[in-house]
Every structure is written in structure tokens, then in C-alpha cells.
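Here you get one chain, nothing else, as C-alpha cells; it is the form predicted on its own.
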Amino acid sequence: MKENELLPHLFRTEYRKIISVLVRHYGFEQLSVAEDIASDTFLIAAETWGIKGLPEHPVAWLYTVAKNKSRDLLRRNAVFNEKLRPALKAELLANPETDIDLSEENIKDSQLQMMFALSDPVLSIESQVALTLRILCGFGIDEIADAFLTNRETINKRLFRGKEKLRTAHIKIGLPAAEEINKRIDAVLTSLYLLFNEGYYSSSQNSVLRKDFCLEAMRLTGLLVENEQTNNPRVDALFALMCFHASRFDARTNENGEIIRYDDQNTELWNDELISTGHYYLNKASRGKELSRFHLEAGIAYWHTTKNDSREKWENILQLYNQLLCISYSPVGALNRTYALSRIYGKQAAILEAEKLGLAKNHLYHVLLGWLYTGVDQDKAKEHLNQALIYAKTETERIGIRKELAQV
């Protein structure tokens, strides 16, 4: 990695770790202080490394500075002592030299516990995902705003409200009691699922696929998988689903970042190692009698990694969609089911099903109908693709739709 690329890379990978450990150490009441310490650490790195060059061990250097900044605040900062002293833990006041544990094990534990804290029901789903992106993933405000098709001000307000709720509700950082983990883990999984989907079905102005969001969701889900207290069949199923989807990343977009239709993907670009990992965790998820939406979606994703295009493949996909829509209906799921139905019973049957959905302001609905009408009724195909242009959210999507119009 080039020298000028190292610090931005470390900010993405280490900022979130430092924040998690500091907040676990001091509590959510001092979240803004933790963010200041982490930000100052990287500011000092930018200034120092620019003059003196890279240290021998950059990550260890950052951790040392973060620890020292934390101790300095406790020892010397008068404003910190006067305003925040009453809220500090008694043991920290008694021993301001308490060391910040930035060992790999404590970082993992802190991030795992932070996941549960940020998925507390006092927070809205929007706040949960925004805070996860900011605190646990280290994404910038502009990146988050772009992902949600909004502006910096809106995201800053969302983050501020979320942090205030964490503070005023006195949310504790720590794994819930064993009997509570199973109740709370659905909220954690939902947040990670939404984070992955925001990357996979990106609404960003700049990209239709945000691999970085997806990989962060996979990293955090991996922490749940690795911990005996938090691992269960739903966790394994969600991780399998992510692996199957991620296995087709390289085949899913072209060099211009435009989506490539599933039928046109180069299967040689599919990642066999990720497919194999998905198989392992899907099999692992089958223990017990539970059948969650993640199990069904992982099953659908599994069949999509089957290179042999057969009637059996699409019949299995269709049946899985039927089950999924019964327990967790979504417009995207219904649209995808219609595509699977077309592969078995033909376009005419699929058109009848698709038009029942009536998603008139959804560009994906019109894209699907544009494809279904192609070769059946060209005028109808053009009509729906023109509607898709109107409702498309990004320029990248519009470029793809215009290409389809040109072909029709």
C-alpha cells in the first residue's frame, strides 16, 4: 500500500476499534469525548508522519497515542474534570492512570458489545444503522449521507439524536444476560442485514453496489458467528446469505459500475471460496427446527450460485420465495419471485403476477415489466422502461435503463 494511502486506510480500520474500546471503558455518556480522542489521534498522526515519516509499527503507534490522549484528559484537562467528573466511574477517578486495553481480544469484545448497545430498541432503525456505520464501521458523514440519499445536516441530526438517546437512556455497553441475548439478537441481525442490503442494493448517487458496506456487515456478523454466546442458527444463516451474495460481486457490475443482469453474469468471476463458506454456514444453520427469513433468503442465494441453469433450480427458488413472502413480505421479494416465476412458466404468466403488485412508483417494478414485455409487446416494454427512467434514483441506474431502451 502506498504511503499516502495508509492513513486513510488505517482511519477506516482502526478508528472504529478505538471508539468501541473507549466507549466500553467510559460509557456512552462520554461518547463525544471518545470520538474527540480518536479524531485527535489521527490528526496527530497526519501531522507527525508528514514530518517524521511513517513509524515502524503504525497501528501500535496509533494505539499508544490514543491511550496517552485518554490519560491526559483524565489527568490534566480542567474542562473535562469539571464537567464530566460527576459522571465518571468511581474506579477511573481513583486511578486516572488506568490503561486503555487495546488488545485484539478486547477490541473484538468491545465491538461485539457495542453492536448490542446500538441495536437497543430505544433507537429508531434509521439511527441504529447510521450509528453502526459511523461508530462501528468508521464511515464519514458524507458517505453515510450519500448512501441514504440525504445531506450532511440530516445525518448529523440523526446521529446526534441517537447519541442523546443512548446517553439519556443510560444504555450500558455489555452483552445482555444469556436469556436476553436470544431476544435482543434479532435487532442486531436486522441492523446488520440492512447495512448489507444498503451496500448490495445501494441507493448511493455514486454506486449501485457498495462493497465496503457489505464487507463491514460481514465483518460484524463474523464477530457474532465466532462468539459462542451470540452464535445461533439465525446468525449462521445471515452469514451464509452474505457469503453467497458476496461471491458474485465481481460479476455483478461492469467496468463502468453498471449492474449486469443475472443471466448475463460471467460465472467464471464467481468466488468459489465464498460459495463454499456459504455452504458450510447454511448447513450449520440447519441445526434445530428454526426457519427464519434469513434461512429462506440464504437458500435463495444458494440456488443463485448454482451455475447449472435448470428448471429444478428455478422451482426451488420459487418455492423458497413463496415461503419467504408468507413470513416476511416485501415488495423487493415479490418482484424477485415474479422473475423466478417467469423462468418456469414464461413471461406472459409473470406479467399477470407482476401487474398485481401495482408498484407504480418503483423503478425496479418498471424495469422488470420492461424486460417481461420485451418480445411480447414492444410498446409496453418501452412504456415501462420510460417510467423506470422517471423513478430511477441514480444516474448509474438511468444509464443502464437507457441501454435497455435502445435495445428494445
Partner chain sequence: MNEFLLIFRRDLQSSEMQPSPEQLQNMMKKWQNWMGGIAARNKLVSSGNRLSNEGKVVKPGDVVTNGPYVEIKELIGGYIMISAESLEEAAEISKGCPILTVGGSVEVRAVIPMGT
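Just so it is clear, the model here is predicted, and its values are computed rather than measured. Positions refer to the first chain, counted from 1.
Just so you know, the form predicted together with the partner chain exists too; it's not on screen, but the next bit is about it.
In plain terms, the part of the chain that comes close to the partner chain in the model of the complex, with a heavy atom within 4.5 Å, is 352 to 360 out of 352 to 360, 370 to 378, 45 to 53, 31 to 39. Each of 323, 337 and 345 places at least one heavy atom within 4.5 Å of the partner chain in the model of the complex. Interface membership of residue 319, defined by any non-hydrogen atom within 4.5 Å of the partner chain in the model of the complex, is confirmed. Though the partner is left out of this view, residue 143 does not reach within 4.5 Å of the partner chain in the model of the complex, counting heavy atoms only. Although the partner is absent here, residue 212 sits far enough away that none of its heavy atoms falls within 4.5 Å of the partner chain in the model of the complex. The partner chain in the model of the complex comes within 4.5 Å of no heavy atom belonging to residue 262. The partner is absent here; in the model of the complex, the one residue of 329, 201, 160, 280 having a heavy atom within 4.5 Å of the partner chain is 329.
Between the options 101, 186, 315, 258, the residue in contact with the partner chain in the model of the complex by a heavy atom within 4.5 angstroms is 315.
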